[in-house]
Structure formats: C-alpha cells, structure tokens
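Only one chain is included here, represented as structure tokens and corresponding to the form predicted on its own.
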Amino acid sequence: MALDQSFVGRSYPPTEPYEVGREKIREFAEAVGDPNPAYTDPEAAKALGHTDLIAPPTFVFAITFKAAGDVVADPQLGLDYSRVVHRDQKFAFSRPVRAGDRLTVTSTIVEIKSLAGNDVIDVRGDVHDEAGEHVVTAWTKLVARAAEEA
C-alpha cells in the first residue's frame, strides 16, 4: 500500500539535545579510519582555527538517522520498518560539528513517491546548535520494499 502523500511537508518536533563529546569524535574517526588530527588532537584543531575538536563529516549521521527514526516510527505514516533499506544520504554544512556542541534535529518529510511498487521517502534533518544556529542539513532517502506476493 502506497504511503499517504499528505505527509509531505510534515515536520516532527526537535529531538532532545545531543551533546557532542571529544571521545565520541575520536572513536568515530578511528572507526572510519580517518587520521585527520583535527578529529583527535585539540591543539591541531585549534591550529586550523577551530575552538575544539571537529567531527568527521559523516559523524552527524548517527544523530540525524536517529531523528529520522521518529518519522519511520510514526504509526499514522504506516511505514513497515521491517521492509526498509537505507538508499542515500547527503549533507550540507554551515560549519563543522564541534566537541561541546549541543545539537537538536528537526525532521521533515520532503518527498514520498512510489517506484516499481516500492515506497521511497525522503527525510530532511535540520541540525541546530544550542544558540539556534544552523550547523548542517542531512537528507536521508529510505526505500520500503514492496511486500512479496504469496
């Protein structure tokens, strides 16, 4: 069953603030194999003009994908998560994510379409810091595979 087009444009309440920690940044940089010293050494980050460690660009995925989960879990939307695969992800930064940031995400459904019986949903996650300044926007594309015929 196709998802309801009336959900396009629906925004969800901002998430609780996520505090970005130095160790989380270091762990993520290590996990993705990125040796950039701005991710692990506060002095190296400061030498590059940052106030503290900065996070690798894809670090924000963990925060925005969790927020997109609020959309997926909306019972009114009716998305069957057991059939969902992650198709695409992109980011547009106003500035890097920094250690000490307290970030919130507001998710908005920007598109719903049907392709070959599959539902495709695009969710935009606008990330702001504690002062309300825009940090990054993330776009997540999810595909709910069509149910198999019996």
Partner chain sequence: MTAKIGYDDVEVGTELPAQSFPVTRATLVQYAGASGDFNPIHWNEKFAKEVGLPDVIAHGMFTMAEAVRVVTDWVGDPAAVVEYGVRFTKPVVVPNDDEGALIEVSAKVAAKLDDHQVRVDLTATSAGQKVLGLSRAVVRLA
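Residue numbers count along the first chain shown, from 1. Values in this document were obtained by computation on a predicted structure and should not be read as measured data.
This protein has a second form, the form predicted in complex with the partner chain, left out of what is shown; the following refers to that one.
**Q** May I ask you to state whether Leu103 is within 4.5 Å of the partner chain in the model of the complex, using heavy atom distances?
**A** It does not: once the partner chain is placed as it appears in the model of the complex, Leu103 has no heavy atom within 4.5 Å of it.
**Q** Spell out, yes or no, whether the shortest heavy atom distance between Glu43 and the partner chain in the model of the complex is within 4.5 Å.
**A** No - in the model of the complex, heavy atoms of Glu43 and the partner chain never come within 4.5 Å of each other.
**Q** Quick one: is Asn36 in contact with the partner chain in the model of the complex, heavy atoms, 4.5 Å cut-off?
**A** Asn36: contacts the partner chain in the model of the complex.
**Q** Is it the case that Val110, even though its partner is missing from this view, gets within 4.5 Å of the partner chain in the model of the complex, heavy atoms only?
**A** Although the partner chain is absent here, Val110 would stay clear of it in the model of the complex, with no heavy atoms inside 4.5 Å.
**Q** Check each residue of 14-35 against the partner chain in the model of the complex and list those with a heavy atom within 4.5 Å, in sequence order.
**A** Read in sequence order, the residues that approach the partner chain (within 4.5 Å, in the model of the complex) are Lys24, Glu27, Phe28, Glu30, Ala31, Val32, Gly33, Asp34, Pro35.
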